[in-house]
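Next up is one chain by itself, shown in structure tokens, the form predicted on its own.
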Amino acid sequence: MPKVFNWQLGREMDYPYEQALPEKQIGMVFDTNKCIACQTCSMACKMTWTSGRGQEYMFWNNVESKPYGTYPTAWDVAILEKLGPQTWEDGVYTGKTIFEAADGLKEKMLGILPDDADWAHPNIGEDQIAGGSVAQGEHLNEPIHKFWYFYLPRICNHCSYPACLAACPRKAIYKRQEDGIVLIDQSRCRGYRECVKGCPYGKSMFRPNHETSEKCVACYPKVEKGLQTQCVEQCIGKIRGQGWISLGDKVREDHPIDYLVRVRKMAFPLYPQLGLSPNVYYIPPIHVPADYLEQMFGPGVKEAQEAYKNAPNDETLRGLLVLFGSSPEIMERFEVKNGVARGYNRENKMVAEVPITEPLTLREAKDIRLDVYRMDVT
């Protein structure tokens, strides 16, 4: 099996095809600290792409409550148990990926084919806390909560080494050279569901009435015009940033995604140990134990949590975070000067200008004129 370099693992790994990186790679960063699981992203995606017959269960975008939420059911637990020990040493992954752990004579990669019932529970584990039940008088404590859960928005990762592409015997799945988006050629697909089994994230889905597989298309008609995807643009919590991620040694400090992922190392891929080099990244929640998060995102979580807590004192980081959701256009450059964050599109035109600190007005708790107490004084 050919060798490819996976920078997220810090080493070479086995992959069924030779390395062929795109000219540009689409990338996203999700700030889990701000997600409220309103599901606006899920509904925006569904109404745009999967509202037809046979697509009722298809949530190309979904939001899970961790640690117990999964869609399809137990997607991550099943593949992690099958993969076995996953170890890191000095930032290098020393365990096996799903390609390296497979029996090469029988399969190209470890895979799990979900049962039909696994797609029937998109809200399983919703708002279910870790840490047991909350007894009378107990309350949240800083910095790490005894009782916790957090929301994890998920879409197709448009991986650099996609398992769905490697698994397809028809070569119906391809990665676009111009932007790294992974698509399924419906004219070639015969519905063997090898991609459904191969994708460990459960983001390739079989449409029974068409007898073909379908997946997130990263809203490529919008991306081609320099616009954000539906899930990014419609996010009311402004937790999502979209742009391009550098895959080689040339990293741009003035690019939003590069800055968070490659420069500050604050955003991490989901289960990088699987070996797909996913291109959706997560800023980890600051209230969740780092040991749990390191299994999900790899090493570096504790440092990222501390950096996020210090964001009020970090003008550049703070400015970039307030730019999230401030423009329907993809920002390919940003700058923060004199308390103002600005974002620029692919033509280097400013498309967003946001003050880092919003004006704040404090009111007295009691309104003497009306003789009532205010619940909100800001």
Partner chain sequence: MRAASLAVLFLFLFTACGGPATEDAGEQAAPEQPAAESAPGMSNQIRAAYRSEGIPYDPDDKAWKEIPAARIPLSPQGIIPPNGGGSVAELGVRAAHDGENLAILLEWKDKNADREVGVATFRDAAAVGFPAVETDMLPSPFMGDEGHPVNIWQWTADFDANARGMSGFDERYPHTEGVWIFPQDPGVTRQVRAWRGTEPVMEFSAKGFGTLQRHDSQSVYGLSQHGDGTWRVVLRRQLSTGIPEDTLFRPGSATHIVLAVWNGSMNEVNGKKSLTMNWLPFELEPTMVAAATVAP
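Positions refer to the first chain, counted from 1. Since we're looking at a predicted model, the values are computed, not measured.
The protein also exists as the form predicted in complex with its partner chain; that form is not presented, and the subsequent description refers to it.
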(request) Report yes if all three of Glu107, Pro122 and Arg193 come within 4.5 Å of its partner chain in the predicted bound form by some heavy atom, otherwise no. (result) yes
(request) Spot the stretch among 99-107, 154-162, 287-295, 267-275 with residues whose non-hydrogen atoms come within 4.5 Å of its partner chain in the predicted bound form. (result) 99-107
(message) Between Phe150, Phe206, Tyr259, Tyr93, only one gets a heavy atom within 4.5 angstroms of its partner chain in the predicted bound form; which residue is that?
(response) Phe206
(request) Report the residue, out of Val134, Val77, Ala117, Ile236, that has at least one non-hydrogen atom within 4.5 angstroms of its partner chain in the predicted bound form. (result) Ala117
(request) Would you please decide whether Arg170 lies within 4.5 angstroms of its partner chain in the predicted bound form, comparing each non-hydrogen atom pair? (result) yes
(message) I'd like to know whether Met43 contacts its partner chain in the predicted bound form, with contact meaning heavy atoms within 4.5 angstroms.
(response) yes
(request) Give a yes or no for Gly54: in the predicted bound form, does one of its heavy atoms lie within 4.5 Å of a heavy atom belonging to its partner chain? (result) yes
(message) Taking any heavy atom pair closer than or equal to 4.5 Å as contact, tell me whether Glu211 reaches its partner chain in the predicted bound form.
(response) yes
